[in-house]
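As structure tokens, one chain now follows by itself in the form predicted alone.
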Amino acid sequence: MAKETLPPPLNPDEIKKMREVCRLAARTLEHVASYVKVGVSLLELDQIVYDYTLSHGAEPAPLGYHGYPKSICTSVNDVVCHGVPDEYRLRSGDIVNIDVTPKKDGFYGDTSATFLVGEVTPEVAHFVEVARLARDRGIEVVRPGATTGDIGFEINQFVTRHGFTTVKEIGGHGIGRRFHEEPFVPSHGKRGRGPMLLPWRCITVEPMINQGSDEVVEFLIPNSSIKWYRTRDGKLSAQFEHTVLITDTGYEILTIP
């Protein structure tokens, strides 16, 4: 991908707005996390985020985005991403990824986490922790002059070392003035390959990892061009996400409370 296809750098005022909306995203995720428990429905979690976002002067960016019908994505167990909230009630032993993106003052903050519901096995807890650490490993190599392949290499090496796989078709992205911008940020790759990271742009680092095969199955969402995905083998998938600002010397994680 050519460098000139990347969005222009953010100016100081725009960076201030990104920090604000990303802090709101982090607080929103923290808020909804307190409601993740056995018996709560995905629709209830969606309503909680909708209400919280509006009460803080923002709007939920997913709602209506390319026809997506809800305010958050809720991906349970073998759902990889873009799960649409419905009447399903969480059960003990489930895992659920909640992905939130508020929009405020024209800018977007994107973050997600995978939560354990009730009592889960030690193996499941370990799997989810590997997903969290994989995100952090990818972020650690973010700096001007690095490439998206550097991020993907670190993530994939870490995940496969623990016996799991990374989803290849879906990944992170540029973000800022738009919900999704260039570049694509993969969870696998080769060092030195892919677009170069340039200062004062924002990206999301959001590896999706699978317990078993990396193969996924795609499903249509009615009246939307957005698709949702499951693991082909029915095993678990987990994901964690931060929005990261590339600075002139390294990175700043924006989606922290």
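Quantities reported herein were computed from a predicted structural model and do not represent experimental measurements. Just count from 1 along the sequence shown to find any residue number.
Another form exists, predicted in complex with a small molecule; not displayed. Remarks below refer to it.
With the partner omitted from this view, the residue of K168, K104, R132, H180 that lies near the small molecule in the model of the complex is H180 [heavy atom within 4.5 Å]. Only one of the listed residues (V142, C73, V128, V96) places a non-hydrogen atom within 4.5 angstroms of the small molecule in the model of the complex, and that residue is C73. Contact with the small molecule, judged by heavy atoms within 4.5 Å in the model of the complex, is confined among 114 to 122, 152 to 160, 134 to 142, 96 to 104 to 96 to 104. Against the small molecule in the model of the complex, the set P62, Y68 and I226 is in full contact: each member has a heavy atom within 4.5 Å.
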